[in-house]
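Only one chain is shown below, in structure tokens, and it's the form predicted on its own.
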């Protein structure tokens, strides 16, 4: 059957994970592990376990055998085996099992807890390139004692230096404000005025966290000027987002404003707005998308999410990502569930005679490998 051949071919494909974070640096007990198997930042209630969820079931089904356990091992046995092997060995096994051939690592979130690009390359044995988070650079600039008047030029200079060897940029404006922002470019006077209020707030609270809409827009437009592909978190995330304001359709005017500059924009995750993202990727030549984060957390139902991502957009506009952060189970599952979902979806289409098998394989290679190499201008593997 087509599904079996597709899955065999897909399993051999060295995926490019175009948006991912590092695996864990340190051991995690059961409580810590469960907290990292949810996007919630609230304590897990004592009357439930995160292992009783789609992602929890998927971890015990697919990751347990990689660690030398039977499929569906109970949570206690699973966590005990992780502890026995240790973080380095768990990372090595699960990253290797993922079959990812190249990681594009976004380094702006809790870097002290996860592997940096060099550490991730060592743990995986695969090439790793960096994606720089715009808001993190702006916050780092604020910590240098910059004045409000100096901030616009200082940020542009720092961004250029920090991204000199990066392959892309990332924005979390969806978290910090939402996509219903003014799509226009702010001038430096507007930025300096906003910076004055923000820097005063930072000094008063001792917390450096940029959420001022003018400064978020400024960082985005500096990213556009930088010319590197820009990733934008869209849709599902932790409770810091207001999900109704993370629908990528709210970006439509901004996408139109950016189009003349030739900078590519990549909508990340998009769940439950994957159909909306597919529309944007169809009508705007500089817009791409993935369903990364949604795949892991929907587990057995991820086949449907993947199928919906293939409905409207040209296949040259869709990429693979896991958005894994921390537990290497997420790196492994992101790849495994994507491969399985693609094989099942395209297998049904080829078995029905609607698609040709060789063309289905071409689409798999495009989404899993080729599109990312083109968009991010990655060097061909030796």
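As the structure is a prediction and not an experimental result, all values here were calculated from the model. Positions refer to the first chain, counted from 1.
There is another form of this protein, the form predicted together with another copy of the chain, and it is not shown here; the text below is about that form.
*Asks:* Quick check on residue 276: any heavy atom within 4.5 Å of another copy of the chain in the model of the complex?
*Replies:* Residue 276 belongs to the contact set for another copy of the chain.
*Asks:* Consider residue 79 of the chain shown here, and say whether it contacts another copy of the chain in the model of the complex, taking contact as heavy atoms within 4.5 Å.
*Replies:* Residue 79: no, not in contact with another copy of the chain in the model of the complex.
*Asks:* Does residue 239 reach another copy of the chain in the model of the complex if we count a contact as any heavy atom within 4.5 Å?
*Replies:* Residue 239: contacts another copy of the chain in the model of the complex.
*Asks:* Is there a heavy atom of residue 48 lying 4.5 Å or less from a heavy atom of another copy of the chain in the model of the complex?
*Replies:* Close contact exists here: in the model of the complex, residue 48 approaches another copy of the chain to within 4.5 Å, heavy atoms only.
*Asks:* Where, among 295-303, 140-148, 90-98, 194-202, do residues come within 4.5 Å of another copy of the chain in the model of the complex by heavy atom distance?
*Replies:* Partner-contacting stretch among the options: 295-303.
*Asks:* Exactly one of 209, 244, 110, 189 has a non-hydrogen atom within 4.5 Å of another copy of the chain in the model of the complex; which residue is it?
*Replies:* Answer to the contact question: 244.
*Asks:* Within 4.5 Å, heavy atoms only, which of 250, 167, 122, 224 is in contact with another copy of the chain in the model of the complex?
*Replies:* That would be 250.
*Asks:* Quick one: which residues from 346-361 get a non-hydrogen atom within 4.5 Å of another copy of the chain in the model of the complex?
*Replies:* Heavy-atom contacts to another copy of the chain in the model of the complex: 349, 352, 353, 354, 355, 356, 359.
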